[in-house]
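This document opens with one chain alone, in structure tokens, the form predicted on its own.
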Amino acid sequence: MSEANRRMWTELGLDLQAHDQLLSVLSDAYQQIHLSQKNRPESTSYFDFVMSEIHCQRIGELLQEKQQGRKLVGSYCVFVPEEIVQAANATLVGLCSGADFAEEEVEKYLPRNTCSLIKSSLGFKLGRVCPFLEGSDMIVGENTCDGKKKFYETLRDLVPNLYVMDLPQMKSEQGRQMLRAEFYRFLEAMQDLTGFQVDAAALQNGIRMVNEKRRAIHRLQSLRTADPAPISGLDALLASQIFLYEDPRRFAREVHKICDELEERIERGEGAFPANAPRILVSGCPMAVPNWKVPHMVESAGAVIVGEESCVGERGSRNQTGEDGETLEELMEAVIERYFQIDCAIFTPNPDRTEHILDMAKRYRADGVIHYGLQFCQPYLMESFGVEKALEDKGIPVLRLETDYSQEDLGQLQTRVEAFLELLK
């Protein structure tokens, strides 16, 4: 790494030794998992470049924006409305939470039987290895599951500016009113942070920018319905992961280029996998960088993942926000409506998510569904039983997996995945 990057990380307060170890592990994993794939589209070199510069170019760009007066907001959840952040002259980035880090230190703050995503989020802070987190002017938490709620009580003492957004737990009129109140409160907090007064034009511009990158990822996802699938699930997942922190305009432009190539592949009948490869839909918990364990296992066994029903997947990006409002109030209602449609497992009852999975299985012509759950993630693990029954009632085979970020269960998982794929064949 260049001396300029090391100076940047030092100024952010990173632990350089720990950070070097993290980047080394990430680089090795990327080489072994992504770069070892056969028949990748040439334009996915964009993903390779972004990952090679994951803690370099992008954080450098964001720090330059900060010098020019723009604020940086870090987030752990797709419920945080990026449209409002953009409208207030700030940039939203997803924060690090996809690998175990500083585990011994984490367990001084959190119980051992806390889900990996929450423990990872705290580990990246305690280990001082996430430049996006250390560079943020505000970190936004959200009251989704009980684990997250209590985690933010701990995090509050470790970061200078934590904002916690409350969220409804039921899809009711009262729930909608609660989300409306929280989004207006967040709008005020963003205006206080940036000193920028949001009007209808600013919010409309923010909506359009975010919608454009959603349209790009939607286009890529829809092309995966082709048989054979023109892109691997690993590379498509990478697009959804990069979606969370890359520059929105550049992301949209580059992903559309990839889609152009994928359409040409479809016309030629060329796929990342053979046409007879089992087609898998992955449903459940989000997979943040570098959580590629299960997708790599599935595709190494000869199947192709054609869709993700996940926050890092369709759930987090599928719906557009209405752009046609003329007043700030009308546009805020469009933002509220868009986010109220998210079918996170925190909601009760939650039939929308089951219907979404069934719809995706049909659209992507999935031969089977793997429901991916992180250990101790109660909402998704408890919903997995109902999801499994609904799928099997429709004649769709399903495999429920429960795992964490470690490599200790690789053998057991591989045996189960291979047996499931053999069943599909």
Partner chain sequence: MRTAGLDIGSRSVKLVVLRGEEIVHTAIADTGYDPRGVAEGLLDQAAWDRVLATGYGRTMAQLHFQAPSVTEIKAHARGVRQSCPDCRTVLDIGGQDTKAISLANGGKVAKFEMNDRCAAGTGKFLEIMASNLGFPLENFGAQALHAEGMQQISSMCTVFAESEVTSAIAGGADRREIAKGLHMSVVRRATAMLKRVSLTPEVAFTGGVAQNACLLRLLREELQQEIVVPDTPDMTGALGAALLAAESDHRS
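Numbering follows the first chain given and starts at 1. Bear in mind that the values here come from a model prediction, so they are computed numbers and not experimental data.
FYI, the form predicted together with its partner chain isn't displayed, but the following is about it.
Check your understanding: Even though its partner chain is not shown here, does it sit in the predicted complex so that 23, 36 and 57 each have a heavy atom within 4.5 Å?
Key -> Looking in the predicted complex, the three residues 23, 36 and 57 all stay beyond 4.5 Å of its partner chain (heavy atoms).
Check your understanding: Among 361-369, 24-32, 47-55, 396-404, which stretch sits within 4.5 Å of its partner chain in the predicted complex, heavy atoms only?
Key -> Flagged stretch: 396-404.
Check your understanding: Wondering, does residue 415 line up within 4.5 Å of its partner chain in the predicted complex on heavy atoms?
Key -> Contact with its partner chain, yes.
Exercise for review: Find out whether any non-hydrogen atom of residue 419 is located within 4.5 angstroms of its partner chain in the predicted complex, and reply yes or no.
Suggested key: Although its partner chain is absent here, residue 419 would touch it in the predicted complex, with heavy atoms inside 4.5 Å.
Exercise for review: Using a 4.5 Å heavy atom cut-off, state whether residue 409 contacts its partner chain in the predicted complex.
Suggested key: Output for residue 409 is yes: heavy atoms within 4.5 Å of its partner chain.
Practice item. Classify residue 383 as contacting or not contacting its partner chain in the predicted complex by the rule of any non-hydrogen atom within 4.5 angstroms, answering yes or no. Key: Close contact is absent here: in the predicted complex, residue 383 is far from its partner chain, nothing within 4.5 Å, heavy atoms only.
Exercise for review: Residue by residue through 377-393, tell me which have a non-hydrogen atom within 4.5 angstroms of its partner chain in the predicted complex.
Suggested key: Heavy-atom contacts to its partner chain in the predicted complex: 385, 388, 392.
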